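In the block that follows, a single chain appears as structure tokens, in the form predicted on its own.
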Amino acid sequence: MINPIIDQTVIERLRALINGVQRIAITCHKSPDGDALGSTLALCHVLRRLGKDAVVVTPDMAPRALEFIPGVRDIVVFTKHEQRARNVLSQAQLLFCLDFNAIKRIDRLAELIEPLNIKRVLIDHHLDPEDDFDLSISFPEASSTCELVFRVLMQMGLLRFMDRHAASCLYVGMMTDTGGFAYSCDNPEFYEIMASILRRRIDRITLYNKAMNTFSADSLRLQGYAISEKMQLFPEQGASLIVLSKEELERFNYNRGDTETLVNKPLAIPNIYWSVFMREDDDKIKVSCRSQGDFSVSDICARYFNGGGHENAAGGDFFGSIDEAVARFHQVLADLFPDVNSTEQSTQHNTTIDNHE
């Protein structure tokens, strides 16, 4: 049995908001991932089946690796079709904000949304949502925003409008935001929700393989290089670090999404229980962290990298050089493990691996 976790008064307020409008816009955070795309598109599919004029507007392009998600080609991308995005938002009577907890997460779209005199509905599973929304459905303990969209539809009695396309979107989001069902999915109700999704006869195997097991040749070469040449291990702290510069990314014809699962790879090594990946962007260093067990990388990202997230999956931004970002990582090690010399340890461990080989 899937328990209703959203207060029924919130559900009824949401029902009234939807019933009272025709034109609805749906948006998500910058650099949308599987959960952001899956949740927005699933909701869009259902709203359209209800007869609403629903449109998904994203701050920027979806990763090429996720273009198979049903409805991606119908998205209005602000960086590609700015005027159309402006038109959609200016005509919208209701705005859904999915998979982000603060307006700043939508980049330049915030400039268009903040002046709008329409209701904003938040559906999200990140910590500490801001008070920029008229109605908030926020459950950080949920596996994904896609799970919350399913729960909203269930409590509103709208699951009959969840067709194969909407179910496929939710499946991709729940799958990718749990690392292929590896973390953040211990609640048995997660699998009851998944069973309901599978009853819509989605092509589970194809969706899984496209999301988790499909890479370009350049992406595979980049990941191989990162693991063989750039991975540093700190076994006494149970940590790993991979850092890729813009030059290295360009060498392998990097496209956004090519390193999506790279941060998870070192966790396959025995006794490595948290992993950090740093990627140099134009104006910052993107930081991704993953962990196992009760080791919280969310706290690390919030304190050291201007970010946050979930206990086992988090991220942030570092504004500075790669060398400064790496120095910040070593500061994390020094703060958390003051009795261990991380630099010497990493060198000794690499030597041990070479000798073993």
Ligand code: 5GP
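Start at 1 with the first residue shown and count on from there. Computed from a predicted structure; not experimentally measured.
Another form exists, predicted together with this ligand; not displayed. Remarks below refer to it.
> Is there any non-hydrogen atom of S288 lying within 4.5 Å of this ligand in the predicted bound form?
Replying inline: It does: once this ligand is placed as it appears in the predicted bound form, S288 has a heavy atom within 4.5 Å of it.
> How about H310: is it within 4.5 Å of this ligand in the predicted bound form, going by heavy atoms?
Replying inline: Answer yes; at least one heavy atom of H310 falls within 4.5 Å of this ligand in the predicted bound form.
> Is E260 one of the residues lying within 4.5 Å of this ligand in the predicted bound form, judged by heavy atom distances?
Replying inline: Yes, contact at 4.5 Å.
>> Please determine whether H126 contacts this ligand in the predicted bound form, using a 4.5 Å cut-off between heavy atoms.
In response: Yes, contact at 4.5 Å.
>> Just to be sure I understand the contacts: of C44, A314, A325, L66, which is the one whose heavy atoms reach within 4.5 angstroms of this ligand in the predicted bound form?
In response: The residue from C44, A314, A325, L66 that makes the contact is A314.
>> Just to confirm the contact call: exactly one of 132-140, 280-288, 201-209, 70-78 touches this ligand in the predicted bound form at a 4.5 Å heavy atom cutoff, so which is it?
In response: Contact-bearing stretch, as computed: 280-288.
> Can you name the residues of 31-52 that have a non-hydrogen atom within 4.5 angstroms of this ligand in the predicted bound form?
Replying inline: Heavy-atom contacts to this ligand in the predicted bound form: only D33.
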